[in-house]
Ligand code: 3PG
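In structure tokens, the next block holds one chain alone, the form predicted on its own.
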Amino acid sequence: MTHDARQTTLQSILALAPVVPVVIIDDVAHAVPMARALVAGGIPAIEVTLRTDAALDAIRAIANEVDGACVGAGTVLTSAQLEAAGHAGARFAVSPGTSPRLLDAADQSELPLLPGAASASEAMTLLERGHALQKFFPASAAGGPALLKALSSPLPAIRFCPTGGITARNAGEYLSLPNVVCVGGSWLTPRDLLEAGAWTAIEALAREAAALR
């Protein structure tokens, strides 16, 4: 797959719904019912972060067992993690920032990468490498909607998925910006609901999120 094709694929994934859930899974048994609840609520793109030992197995289970889910790997920091995510069945990858080695690996990978930026300089550097779709992280701490609005005029070619401090209450403010394609947030799959197996509650949160735009 060419770089342009990966960008087109990533654009289509990010446009599936206004919110991409950022999920931390400690128990792989939670992965499939959680993903089914999210998909039933209208949220098909799911980012499973590589922050736990269960993450890759969770990605594999969702990819193999949940119809309609588009599972990705988050917190991808190295080329080895990018490769492992692809082997597990991830359809996209997300990084909180960027490094030259990771970008080089992404150039050789079939897996579309959403790299992170928190400043104009970082965003420009990524754009030079052909990444017009970027994660804005940590969104709230880095300047929130005000900074994204300021970037929209000088950097009109870039569209962002802000993540970090996004909630159901402030997501709409981000989504109203012309350079925001979607937002990422953890509020759809809080740990207490996962541990309780409260899949109906997660589906309800997904429905609310799907209606944000």
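In this text, all values refer to a predicted model and were calculated from it rather than measured experimentally. Quick note: we count residues from 1 along the sequence shown, nothing fancier.
Not pictured, yet referred to below: the form predicted together with the named molecule.
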Stretch in contact, per heavy atom within 4.5 angstroms of the named molecule in the model of the complex, of 135-143, 114-122, 97-105, 81-89: 135-143
The named molecule in the model of the complex: contacted by all of Pro18, Gly172 and Val181, heavy atom 4.5 Å: no
Interface membership of Gly185, the named molecule in the model of the complex, 4.5 Å heavy atom rule: yes
Contact of Ile166 with the named molecule in the model of the complex (heavy atom, 4.5 Å): yes
Val22 within 4.5 Å of the named molecule in the model of the complex, heavy atoms: yes
Residues in 37-67 with any heavy atom within 4.5 Å of the named molecule in the model of the complex: Arg51
